[in-house]
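Take a look at this one chain, the form predicted alone, written out in structure tokens.
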Amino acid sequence: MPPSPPVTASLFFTCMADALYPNVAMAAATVLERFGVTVRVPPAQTCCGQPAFNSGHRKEARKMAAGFLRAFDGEGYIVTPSGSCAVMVKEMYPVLFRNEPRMLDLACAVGERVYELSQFLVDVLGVTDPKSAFKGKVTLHDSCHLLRGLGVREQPRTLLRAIPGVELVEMEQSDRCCGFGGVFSVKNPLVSCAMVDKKIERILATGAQYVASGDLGCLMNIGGAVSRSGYPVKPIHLAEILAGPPADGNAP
């Protein structure tokens, strides 16, 4: 059963949203507040350490992770508009601190409180109707970390299908990687470009006006290829669609 209000959640907005897409962080806060969540924003939060971890720099990643754990130590849910960063905290922090019992306990305790946005709305709050309005034909890209790391597939679809004006059209192989993979796209640019080109072929085949995702890295990668080629499709974060104006003009 959904928890009784009031619910408090700390917004883990990620460094990508902080530096490049603050509108996504604001949209996530808007959606949470629409459903009565008291949103806190720990000011000391920084990068979760994923770029360093993925590059093999474990010492630097542990330093970033320790800072994150200090910033979010306490009580209440931790919600992020990023499947990738959620997986980093929940799955990789225990790896980083496996030989440090005190930090391992803290990492596990904090990790249990972390949820990706659509996962939190559907699985914790029991939301089946985001009470928003949006107009357009939308296809959904399943990011690797969100789908394979967290097992989140149906939650964003449940929300999108409930929005008046949204026509959700599935692309073939929506779960195939877009080729971003953080440093993968930097170290293997030719392979990465081939992968995103294939992804865009599948997106365009749907005739969708928008391609949505729960990870900004994927959207940045897809968006870069789209902008270079002038394809008629707009990348958009799921939170931005969910944060559309209330369908009935009133917040629930």
Partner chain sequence: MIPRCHDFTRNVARALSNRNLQSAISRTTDRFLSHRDAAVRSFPGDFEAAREAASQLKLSVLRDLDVHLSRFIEEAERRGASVHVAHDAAEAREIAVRIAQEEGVKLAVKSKSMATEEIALNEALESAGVEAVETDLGEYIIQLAHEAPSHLIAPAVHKTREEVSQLFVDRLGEPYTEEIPELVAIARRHLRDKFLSAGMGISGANFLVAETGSIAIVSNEANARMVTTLPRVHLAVASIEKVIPKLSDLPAMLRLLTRSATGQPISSYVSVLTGVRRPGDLEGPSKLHILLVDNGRSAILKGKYREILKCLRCGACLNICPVYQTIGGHAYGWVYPGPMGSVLSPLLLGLREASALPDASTLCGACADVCPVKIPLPDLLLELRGDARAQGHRTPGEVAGMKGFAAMMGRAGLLEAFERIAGVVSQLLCKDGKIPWLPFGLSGWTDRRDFPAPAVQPFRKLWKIKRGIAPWNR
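Numbering follows the first chain given and starts at 1. The structure presented is a predicted model; accordingly, all values stated were derived computationally and were not measured.
Missing here is the form predicted together with the partner chain; even so, the following discussion is about that form.
The putative spot formed by R148, V186 and M220 is fully lined by the partner chain in the model of the complex; each residue has a non-hydrogen atom within 4.5 angstroms of it.
This chain appears without its partner; in the model of the complex, the one residue of A133, L106, L168, M92 with a heavy atom within 4.5 Å of the partner chain is M92. The partner chain is not drawn, but in the model of the complex it has no heavy atom within 4.5 Å of P156. In the model of the complex, at least one heavy atom of P22 sits within 4.5 Å of a heavy atom of the partner chain. Mapping the unseen interface onto this chain, N54 counts among the residues with a heavy atom inside 4.5 Å of the partner chain in the model of the complex. Contact annotation: L69 falls outside 4.5 Å of the partner chain in the model of the complex, judged by heavy atom distances.
In the model of the complex, the partner chain lies within 4.5 angstroms of at least one heavy atom of each of the following residues of 183-213: V183, F184, S185, V186, K187, N188, P189, L190, V191, S192, C193, A194, M195, D197, K198, in sequence order.
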